[in-house]
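Next up is one chain by itself, shown in structure tokens, the form predicted on its own.
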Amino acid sequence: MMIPNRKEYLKALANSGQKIMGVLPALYPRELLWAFDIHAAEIWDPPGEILHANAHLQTTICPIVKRSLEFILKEPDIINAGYLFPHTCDSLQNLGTQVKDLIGVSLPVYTFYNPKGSFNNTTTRYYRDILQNFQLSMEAVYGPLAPDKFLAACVLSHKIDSHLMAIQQARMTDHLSLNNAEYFKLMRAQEYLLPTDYLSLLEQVDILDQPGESPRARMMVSGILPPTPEILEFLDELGVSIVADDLLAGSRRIPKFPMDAPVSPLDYLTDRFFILPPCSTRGGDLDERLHHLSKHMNASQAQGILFDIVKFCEPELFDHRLLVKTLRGKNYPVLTLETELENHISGQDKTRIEAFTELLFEMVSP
């Protein structure tokens, strides 16, 4: 299974004349962009040294925001249709305001204000309204949206979701022969591949008829992004498999259960948003999130959970203390790592991971 290099792939698309919009994390109506023939290139943790962004941001801003601004300030030639800022957190919302009104870029800047807090008839109507408003803002630039293209984009999204749910379930039940690094590379490829290319990639994934050999130790991971490739490879070396996740860049963007094939695009996208797993960035109920974590820990037979927290991430830190306290009260081993999206593992983190792994091994020893 060959996954194209992100930078080379996006450059080739831009050179071919493809409209590409830079999209900040995390929840946005990707299907609307696809219907306008706009490719969404998601910006989460672009590599490179932070040279200019710190002049515009407080020191206590999370590294996702800093790296995203650094990327935008460089005015990369692959982004040609503008930037989209969903209201994921206050820091990203403020970044959108800065880029649009203070710093200024040569491309259009769009916003998408997801509802927060409890979900009811009012928030459902609100979400449908902001979908329609975003459609109108796109139509003002690109002309009227063809209904058949909008529906086709939702059908494509539905197919991708179906494959992702099947792959996620296969991972939890040992029906997938991918190691940690390979699995999360596959999951993150959706951030930059054309949806048709990503669907083709998912269709190549081999789901085993019979479960393979169960890993020596099983772990769940929670946070915004997966652990760095270096940590994933280190866990592979130690014989630990991440069999379930509660990641914003992972399963939190996959519906909790299968949906019917779309008939009305607006109805489909509205329904889809409200059956996503609970998430700190949506202001969801903490008890619901605890139930969701416990359910996936049990279903995947994970012995422990790793919280990989992006430094200064306020939504995650708000939930984290009570999540850890409650899970430990249920006798689940818990390890918390804090990351600034470094491309290496510190000696201290390696030692802590090894000690945590030994604890998981003891739980499965005969």
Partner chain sequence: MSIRAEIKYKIMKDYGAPALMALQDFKRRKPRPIPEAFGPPLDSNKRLKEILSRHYFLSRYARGVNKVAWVTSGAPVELLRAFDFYTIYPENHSALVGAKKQGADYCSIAEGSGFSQDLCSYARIDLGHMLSGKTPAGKLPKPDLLFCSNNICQTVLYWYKAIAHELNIPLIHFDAPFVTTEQTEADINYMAQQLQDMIPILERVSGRVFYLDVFENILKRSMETSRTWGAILDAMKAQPAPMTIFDAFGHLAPIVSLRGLPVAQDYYHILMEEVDTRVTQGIGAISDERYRLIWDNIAIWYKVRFLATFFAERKMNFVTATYTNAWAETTGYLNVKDPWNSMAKTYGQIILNNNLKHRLELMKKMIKTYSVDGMVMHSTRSCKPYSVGQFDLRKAITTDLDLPAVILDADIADERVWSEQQIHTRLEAFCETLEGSKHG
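Residue numbers count along the first chain shown, from 1. Everything numeric here is computed off the predicted structure, so don't read it as measured data.
The next section is about a form of this same protein that is not shown, the form predicted in complex with its partner chain.
Novice: Looking at Ile79, Leu156, Cys89, Ala181 here, can you tell me which has any non-hydrogen atom within 4.5 angstroms of its partner chain in the predicted bound form?
Specialist: By the 4.5 Å heavy-atom cutoff, the listed residue in contact is Cys89.
Novice: Quick check on this chain: which one of Leu95, Ile72, Ile242, Ile231 has a heavy atom within 4.5 Å of its partner chain in the predicted bound form?
Specialist: Exactly one residue meets the criterion: Leu95.
Novice: In the predicted bound form, does each of Ala55, Gly117 and Asn133 have a heavy atom within 4.5 Å of its partner chain?
Specialist: Judged in the predicted bound form, Ala55, Gly117 and Asn133 all sit within 4.5 Å of its partner chain.
Novice: Is Ile103 one of the residues lying within 4.5 Å of its partner chain in the predicted bound form, judged by heavy atom distances?
Specialist: Yes, contact at 4.5 Å.
Novice: Though only this chain appears here, would Leu286 touch its partner chain in the predicted bound form if you measure heavy atom gaps against 4.5 Å?
Specialist: Leu286: contacts its partner chain in the predicted bound form.
Novice: Report yes if any heavy atom of Asn331 sits within 4.5 Å of a heavy atom of its partner chain in the predicted bound form; otherwise report no.
Specialist: Looking in the predicted bound form, residue contacts with its partner chain do not include Asn331, since no heavy atom lies within 4.5 Å.
Novice: With heavy atoms only and a cut-off of 4.5 Å, decide whether Asp319 touches its partner chain in the predicted bound form.
Specialist: Yes.
Novice: Heavy atoms within 4.5 Å of its partner chain in the predicted bound form: which stretch in 22-30, 310-318, 35-43, 296-304 meets that?
Specialist: After filtering at 4.5 Å, what remains is 310-318.
Novice: Mind listing which residues of 103-136 have a heavy atom within 4.5 Å of its partner chain in the predicted bound form?
Specialist: Sequence-ordered list: Ile103, Thr111, Tyr113, Pro115, Lys116, Gly117, Asn120, Thr122, Thr123, Arg125, Tyr126, Asp129, Asn133.
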